[in-house]
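Single chain ahead, written as structure tokens, the form predicted alone.
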């Protein structure tokens, strides 16, 4: 870590916090993953995303996820090598072999990139997996290879449909990314009002959830994270978020979600990669994307507005600061990781 006397800390220290360098966070994460039985390579893949998430300010999606993996029943079940079970020049259906999604979706993204390079586009999905983390991480892999990427992830039920008292949908994130001359532009959202990792982290830390998003197992509103774990959360934006979540669950079926356990409400990680050159001239799209971003940011601003940001800009900016200042974690999480 390198800080100057004039630096303003992005994240505040405290008795219940621990500040780690990138190297320290990586070492802790990889050691914890290996103690859970992951290979050194898989531990590196998992931890790389978790540290990247922390650098961009996603507290729940960082090292606490190792504790969620540890507590998940599927982590205790046998794994087999990830393999392609159905393939064409532009597509691949991948059996995740009960490997955690941080690894399985990473491999699927690699396959999507390779096929798009040879065929101009690709459709790849992986099933029999769980917990893939932040969609933007995989999408950025594909975008950095020069492709437009659409990535969705269906999951097991955690979200109540409007009017329901039991979960019926996953948190079902949606992500789309574009290459530009000035770097990747990534839009990543969860279709739930609160991502499940946030619920789990609140439960571990004993912190209340926001009002109006969580429900207990009887379908009653609750801010108690332990009770909401037994129930679920609602979609974001009412019927609009619900409809998008439903569509992502359906894409999961197209990607083989029901093959693993015979359940139509289960995990699948779905990728579409498109080479802009199959439609436009070389570099034409990337130049136009950079112009689009510049024009949007140049929009006249309202009173008191300092800037207009594009999706992903906050995280990219904060990443540079945390890389210098270090990453702040909850002490309870760090101690739990060290005690695995």
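Throughout, rigid core stands for the largest set of C-alpha atoms superposing within 1.5 Å between the two forms. Predicted, not measured: the structure shown is a model, and the values here were computed from it. Residue numbers count along the first chain shown, from 1.
Here the subject shifts to the form predicted in complex with another copy of the chain, a form of this protein not shown in this document.
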| query | finding |
| --- | --- |
| is_contact(residue 88, another copy of the chain) in the predicted bound form, heavy atom dist at most 4.5 Å | yes |
| 4.5 Å heavy atom contact, residue 34 to another copy of the chain in the predicted bound form | no |
| 4.5 Å heavy atom contact, residue 190 and another copy of the chain in the predicted bound form | yes |
| Distance check, residue 291 to another copy of the chain in the predicted bound form, heavy atom within 4.5 Å | yes |
| All of 10, 67 and 130 with a heavy atom within 4.5 Å of another copy of the chain in the predicted bound form | no |
| Position in contact with another copy of the chain when the complex is considered in the predicted bound form, options 145, 213, 200, 253, heavy atoms within 4.5 Å | 253 |
| Answer option from 113, 82, 225, 150, heavy atom within 4.5 Å of another copy of the chain in the predicted bound form | 150 |
| Location of another copy of the chain contact in the predicted bound form, chosen stretch of 36 to 44, 50 to 58, 278 to 286, 23 to 31 [non-hydrogen atom, 4.5 Å] | 278 to 286 |
| Any residue of 281 to 316 that, in the predicted bound form, places a heavy atom within 4.5 Å of another copy of the chain | 281, 284, 285, 288, 289, 291, 292, 293, 295, 296, 299, 300, 301, 302, 305, 308, 309, 310, 311 |
| Exceeds or equals 2 Å, Cα of residue 120 between this form and the one not shown, core fit | no |
| C-alpha of residue 258 off by 2 Å or more between this form and the one not shown on rigid core | no |
| Core-superposed C-alpha of residue 166 shifting 2 Å or more between this form and the one not shown | yes |
